[in-house]
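Below you will find one chain, with nothing else, as structure tokens; this is the form predicted alone, and questions on how it binds or moves follow later.
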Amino acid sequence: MSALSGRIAFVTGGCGGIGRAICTRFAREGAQVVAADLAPWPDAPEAVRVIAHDVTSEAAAVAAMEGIARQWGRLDILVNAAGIEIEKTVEETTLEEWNRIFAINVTGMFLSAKHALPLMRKAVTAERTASIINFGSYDGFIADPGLAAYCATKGAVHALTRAMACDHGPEGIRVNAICPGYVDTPMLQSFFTGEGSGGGGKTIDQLQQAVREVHPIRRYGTPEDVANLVTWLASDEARYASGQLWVLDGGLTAQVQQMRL
């Protein structure tokens, strides 16, 4: 039997680079998946239902969960993968930008979890837990230059994850966060071409190679690398895993950076 056979999953940001890899893997593992995103996905797998969804809207969160309740009556897995990045210092960031990134990266997570929890309780049995997987970042532990607001949101996600794990663990609902480093997604490519922390006058090839070389394993991650860990956390194999911040960064934060000088 596949790892997620018969499970119902809801994935925000499900049509993005990492979200799409997660949805595809979940479907392959036997889950029925709702990919919630403002972006389209015309060729989604048959087991993936794509819905237009604004994570900052409470009405959208309520409507999405009502749709899941009507069709399946429960929710086994919630993945909060929606997120944006702003490449600016605090001084450069406008209040509108600050509020927007928190609305998407933090408030959207709160709204999805708030309205998913009643359905997730219905999925819990004596043999099976439900699983919430949030997306933090290694930038919630340390900081890249020029990503002040992004780093702040990821620190908030880490704290929220721990709090939710404490509150809902007794109900059979596990809560964890994935904290990726550099992953080959459109967001990373934007970082390479941007004028913020990804610029510096180098060519794209030079920047990409520099990023590879700073990792002990000499490469950055792929969306499939992240989907592997998410799938494990969603499965029964991870039934004792909760309240943790799972850093997935190819060893990047394990090393003392100045030793490379």
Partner chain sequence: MRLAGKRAVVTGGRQGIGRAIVEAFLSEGAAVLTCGRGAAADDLPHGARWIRADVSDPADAARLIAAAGAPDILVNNAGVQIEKTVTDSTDADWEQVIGTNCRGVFNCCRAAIPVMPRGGSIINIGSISGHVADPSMALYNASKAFVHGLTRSIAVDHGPKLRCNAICPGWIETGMLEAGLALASDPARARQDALARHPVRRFGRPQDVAALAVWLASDEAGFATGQLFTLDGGLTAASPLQPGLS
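All of these numbers come straight from a predicted model, not from anything done at the bench. Positions refer to the first chain, counted from 1.
One more form of this protein, predicted in complex with the partner chain, exists but is not displayed; see below.
Q: Let me know the one among Leu147, Ala165, Ile101, Ala156 whose heavy atoms come within 4.5 Å of the partner chain in the predicted complex, would you?
A: That would be Ala165.
Q: Can you pick the one in Gly73, Gly169, Pro186, Pro118 that has a heavy atom within 4.5 Å of the partner chain in the predicted complex?
A: The option sitting close enough to the partner is Gly169.
Q: Determine whether any heavy atom of Ala39 comes within 4.5 Å of a heavy atom of the partner chain in the predicted complex, and answer yes or no.
A: Contact check for Ala39: no, nothing within 4.5 Å of the partner chain in the predicted complex.
Q: Do Phe110 and the partner chain come within 4.5 Å of each other in the predicted complex, heavy atoms counted?
A: No - in the predicted complex, heavy atoms of Phe110 and the partner chain never come within 4.5 Å of each other.
Q: Residue-level question: is Gly17 within 4.5 Å of the partner chain in the predicted complex, judged on heavy atoms?
A: Residue-level check for Gly17: no, no contact with the partner chain.
Q: If we define contact as a non-hydrogen atom of the residue within 4.5 angstroms of the partner, is Gln244 a contact of the partner chain in the predicted complex?
A: The answer is yes: Gln244 has a heavy atom within 4.5 Å of the partner chain.
Q: Would you point out which of 64-72, 227-235, 49-57, 31-39 contains residues with a non-hydrogen atom within 4.5 Å of the partner chain in the predicted complex?
A: Stretch 227-235 is the one.
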